[in-house]
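In the block that follows, a single chain appears as C-alpha cells, in the form predicted on its own.
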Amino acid sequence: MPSRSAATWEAPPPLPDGHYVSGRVYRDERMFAEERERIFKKVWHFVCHESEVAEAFDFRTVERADTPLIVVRGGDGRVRAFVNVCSHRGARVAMEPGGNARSFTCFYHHWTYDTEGACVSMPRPEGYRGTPVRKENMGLREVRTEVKWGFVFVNLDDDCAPLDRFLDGALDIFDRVLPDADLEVFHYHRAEIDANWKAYQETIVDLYHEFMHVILRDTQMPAASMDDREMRTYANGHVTIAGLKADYEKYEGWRRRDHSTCLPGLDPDDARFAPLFPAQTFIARGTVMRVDTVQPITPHKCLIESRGLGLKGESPEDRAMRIDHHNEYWGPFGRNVTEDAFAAEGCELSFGKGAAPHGIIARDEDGRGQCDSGLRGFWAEWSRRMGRPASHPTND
C-alpha cells in the first residue's frame, strides 16, 4: 500500500460512525469542560473500600469531578459522603487525607461539623442575629452514597438513579467473589500522567493492546483459546471481560500459582475485569484484586488511583504472597500498569497536539478474542451523554 497524502490522512476513515473516533475528543477544551458537567457530575463513582473507613468516625478525603469530598463512617455505623467545603466561606473543612475524628472544624473561622454533616458550632453566633444564618440550617452538603459488596460509591447528582440501575449487572462478573470475600485494601498509590483520561481508560478496555505487554504475550495470550474469551457490553457504557487465563510460569523468574490461596470463586489462573464507565475498573486475578479510578485534571493530564485488595484476617504468609502477586503485575514498578501509562502518554503526543486525526475501533470478533466491542460501547455512551458523536463531535 502506498503512503498517504495530507488529504487522505485527515479524511474520516471509510468506516461507519461508532467504529472510529475523532482526535478532537482528546484535546478540545470545550468538550473537556462539558465532560465534567454531563458525565462526571452525573455518574456513580467508586471512592474507597469500607476497610478504609472501618471504624466509627474513620474518614477519607477524596475528589471526584473537581469536587472535594469527605467519606466518613458515623457513630451509627453508616458511611456517608459530604462535599468537603465549609458552609460559611467555602474553605476546605478536612485537610488530611484520612484519619479518625468525631467532628471536623474548618481552619478558617472554626465552624464545626459532626460526622452526620450537621453544623454543631459557630463561634460567636450572636453576630448573625436578625439573619437566617443559624447552625441548624448550615450543615455540609451531603451527596448520594451507596455501598455494594464493601465498595463505596458516590454520585453528585441528587436525582440520579440507584447504583444498581447504573451498574446494570456489570459487577456480577464477580458475584462468586465479592459477596463471599471479606476484603481489605493493602496497597494504595496515585500517579499523574500526561494524557487525556480517556486515553488511559481505553488501555483497560482494549484487549488488542496485549501485544504491547511482554508479560501478557508470555503468560496470558498463549494460556487459553481466544474463542474462550467473552466480552459483554452493558447499559451506561460498562464492559466485562471473562475467560482470560494466565500461565505464570511462562515468565522467567515467576512460578505457578496452583498452591496459592485464591480469592473465593476463582482459580489461580483466572483473570476477569469490569471497566465501568466512565473511568473506573475492577480487576481480579486468581489471588488478588485491583480497583482503579481515573480522574481528569486537564485535557492533557489525568490522575490514576490504584488499590490492591486481599482477604482480611489472612495469614502473614498469604498476605505476603498477595502483595507479591499484586506488585509483580500492578505495583508502581510492576510489569503492567507502567506500560499502560506509557501507551496513554504516547497517544497524547499525537492526539494532544492534533497530529492524529482519528482513532480506529473497528475490530469485530463477535465479543471474543481481541474485539473492539467494549471500546465501541464506551464511546457510544460518551456520545449519548455528550449529545455529539465521537466520530465527528464538532462541525468545525
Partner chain sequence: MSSGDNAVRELIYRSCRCLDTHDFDGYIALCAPAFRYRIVVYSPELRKEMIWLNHDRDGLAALLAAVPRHLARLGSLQRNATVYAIERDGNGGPARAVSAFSVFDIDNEGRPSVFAVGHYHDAVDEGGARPLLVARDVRLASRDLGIGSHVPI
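These numbers were taken from a predicted model, which means no experiment stands behind them. Positions refer to the first chain, counted from 1.
Unshown form predicted together with the partner chain; subsequent notes refer to it.
Asks: With the partner chain left out of view, which of 369, 334, 352, 357 would have a heavy atom within 4.5 Å of it in the predicted complex?
Replies: Of the listed residues, the single hit is 334.
Asks: Can you pick out, from 125, 99, 179, 162, the residue that has a heavy atom within 4.5 Å of the partner chain in the predicted complex?
Replies: Looking at the other structure, the residue within range turns out to be 99.
Asks: Determine which one of 30 to 38, 357 to 365, 63 to 71, 50 to 58 lies within 4.5 Å of the partner chain in the predicted complex, judging by heavy atom distances; exactly one does.
Replies: Only one stretch passes the 4.5 Å heavy-atom test: 50 to 58.
Asks: So in the predicted complex, does any heavy atom of residue 251 sit within 4.5 Å of the partner chain?
Replies: Yes - in the predicted complex, heavy atoms of residue 251 and the partner chain come within 4.5 Å of each other.
Asks: Given that the partner is absent here, does residue 234 sit within 4.5 Å of the partner chain in the predicted complex, heavy atoms only?
Replies: It does not: once the partner chain is placed as it appears in the predicted complex, residue 234 has no heavy atom within 4.5 Å of it.
Asks: So in the predicted complex, does any heavy atom of residue 221 sit within 4.5 Å of the partner chain?
Replies: Judged by the heavy-atom cut-off of 4.5 Å, residue 221 is well away from the partner chain in the predicted complex.
Asks: Using a 4.5 angstroms cut-off on non-hydrogen atoms, would residue 118 count as touching the partner chain in the predicted complex?
Replies: Answer no; every heavy atom of residue 118 is more than 4.5 Å from the partner chain in the predicted complex.
Asks: What residues in 340 to 366 sit within 4.5 Å of the partner chain in the predicted complex, counting heavy atoms only?
Replies: Those in contact are 341, 342, 345.
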